[in-house]
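Form predicted on its own, single chain, as structure tokens, below.
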């Protein structure tokens, strides 16, 4: 079974338009402990799951801090607590015929409900098979769960495993590379990882001047322009 390692995650991210990974050294301020983080959507049991899940996909290494230290779990929480989580722009009236992978998301659940149902089902599986919650599993056991989710093999009663993994993985990538104003990409570490200059990249004169050359600037976020 192939591990989903950091570089695999970044390679997969390129397929969804994140960009090419350009490794750089990392030095981010230590994030507050989980108890100090402010969650708006996840309850305590869901927090334990999502932080373990995020840190499994984005472990701390010489490139960046862990996913939770980067604020990725906070990013996902904020999205689920808002209009996107409620499915404000999704068609949720049916009928619900089985769709194809090319048709995208095809469930009658808004993202918040998908997460809640999937986390409950994954935790039930972990308890039945391993006798422990997901966050208390050994790394190899977590990898088995994550791999089975990604391949749609984990038997979840309420929702398709792969549909949950695909959404959660996309949200992790968003949290790693979105503007820090949304809660993730703490200290712009995601941008520094791939050499992205942030909102300043939209300046046409800079793009022309540095075309084909390194662009040696500290990345700027939306909040830096206020």
Partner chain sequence: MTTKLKEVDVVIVGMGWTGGIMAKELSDAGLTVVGLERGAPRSDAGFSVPMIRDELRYAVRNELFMDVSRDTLTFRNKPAERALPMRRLGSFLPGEGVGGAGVHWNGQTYRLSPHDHALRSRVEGRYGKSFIPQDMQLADWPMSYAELEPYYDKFEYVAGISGKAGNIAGRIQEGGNPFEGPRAREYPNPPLKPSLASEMFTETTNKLGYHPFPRPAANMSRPYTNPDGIQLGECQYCGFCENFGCEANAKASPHITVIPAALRNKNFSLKPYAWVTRVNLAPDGKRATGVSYTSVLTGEEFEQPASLVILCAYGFGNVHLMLLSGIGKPYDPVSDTGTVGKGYCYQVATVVQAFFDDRNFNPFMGAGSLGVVIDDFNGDNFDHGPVGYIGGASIYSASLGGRPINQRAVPPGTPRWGTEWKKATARWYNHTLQMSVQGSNMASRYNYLDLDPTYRNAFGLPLMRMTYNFTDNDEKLSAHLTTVAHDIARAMGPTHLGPKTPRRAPYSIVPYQSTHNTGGAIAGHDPGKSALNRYLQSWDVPNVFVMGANAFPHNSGYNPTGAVGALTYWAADAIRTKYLKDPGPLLHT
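Note that the structure is predicted; figures quoted are calculated from it, not measured. Positions refer to the first chain, counted from 1.
The discussion below concerns the form predicted together with its partner chain, not included here.
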*Full three-residue contact with its partner chain in the model of the complex, heavy atom 4.5 Å, for 48, 112 and 131*: no
*Hey, in the model of the complex, is residue 181 touching its partner chain, heavy atoms inside 4.5 Å?*
yes
*Look up in the model of the complex whether residue 92 has a non-hydrogen atom within 4.5 angstroms of its partner chain, and give yes or no.*
yes
*Would residue 98 sit within 4.5 Å of its partner chain in the model of the complex, counting heavy atoms only?*
yes
*Is residue 122 a contact residue for its partner chain in the model of the complex, using a 4.5 Å heavy atom cut-off?*
no
*Taking only heavy atoms into account, state which residues of 47-62 are within 4.5 Å of its partner chain in the model of the complex, ordered by sequence.*
56, 57, 58, 59, 61
